[in-house]
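Listed next as structure tokens is one chain, alone, in the form predicted alone.
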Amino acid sequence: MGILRRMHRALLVVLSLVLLSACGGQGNEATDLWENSVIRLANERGKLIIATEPTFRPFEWKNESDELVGFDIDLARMIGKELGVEVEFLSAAFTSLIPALVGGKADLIMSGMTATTERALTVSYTDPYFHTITCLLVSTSRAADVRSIADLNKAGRVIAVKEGTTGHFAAKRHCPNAKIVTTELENDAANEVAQGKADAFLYDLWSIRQHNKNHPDTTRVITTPVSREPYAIACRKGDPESIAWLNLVLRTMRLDGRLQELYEKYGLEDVR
């Protein structure tokens, strides 16, 4: 029995040391996460770098004075104020935003970007700060008989999309039998429809309505949702500290009314 007791005590000592070591490791890991977080590093250098594509009204675009304006631009500056830093914007094509973030050229992406499961394999997202839908801008000459996305899933139909967007992904998913034409610019996709070269353009609701206003005689809008779109801030993988801080800021802005004020300023409706 004495030998067994001594062995038991020795085992308890070993287990205690293992547990203490594990606890110490967790503490160091948590410290490392904070030390290497984008938010802490931006706070230290006094600058937060935001990647955006300034062609997506009313979220980000350049005004007549070539200044960046829009919902995301205002929101980014509000976040910078909360962090106590200035905000710098890195303009890039939409398909280049995630590579710029992953490559360390930017700290965050704020560009009317929908958080999708596919994109979340490469970057991490905050909670959504805005919700919308994708819908259809339809040609009055080519697609008078189209009433839904299902009517476009036929040989001979042409759907215009902006490359790399959720409208692009939704078109491929819902209309495998149609021809899908990709464009780099949103306006080019809308013009394909307005000029009767494509049956429809699949994109976000607010933009579709604006393009219809620009081409009232040659286009119409089908507002039936094709997909639902949660816009969120993108951050590099492995940075839960920054995600948690940004979520707290967004939650606070929603509770104190600042997000609602931004919606109203830009004529937006959050369709959660």
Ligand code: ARG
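Residue positions are given as counts along the sequence shown, with the first one as 1. Treat the numbers as computed from the prediction; the structure is a model and nothing was measured.
The protein also exists as the form predicted in complex with this ligand; that form is not presented, and the subsequent description refers to it.
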Tell me which stretch of 150-158, 163-171, 78-86, 98-106 has a heavy atom within 4.5 angstroms of this ligand in the predicted bound form.
163-171
Any chance Phe94 has a heavy atom within 4.5 Å of this ligand in the predicted bound form?
yes
Consider Thr55 of the chain shown here, and say whether it contacts this ligand in the predicted bound form, taking contact as heavy atoms within 4.5 Å.
yes
Evaluate Ser139 for contact with this ligand in the predicted bound form, applying a 4.5 angstroms cut-off between non-hydrogen atoms, and reply yes or no.
no
Is there a heavy atom of Thr126 no more than 4.5 Å from a heavy atom of this ligand in the predicted bound form?
no
Taking this ligand in the predicted bound form, which residues of 186-206 have any heavy atom within 4.5 Å of it?
Tyr203, Asp204
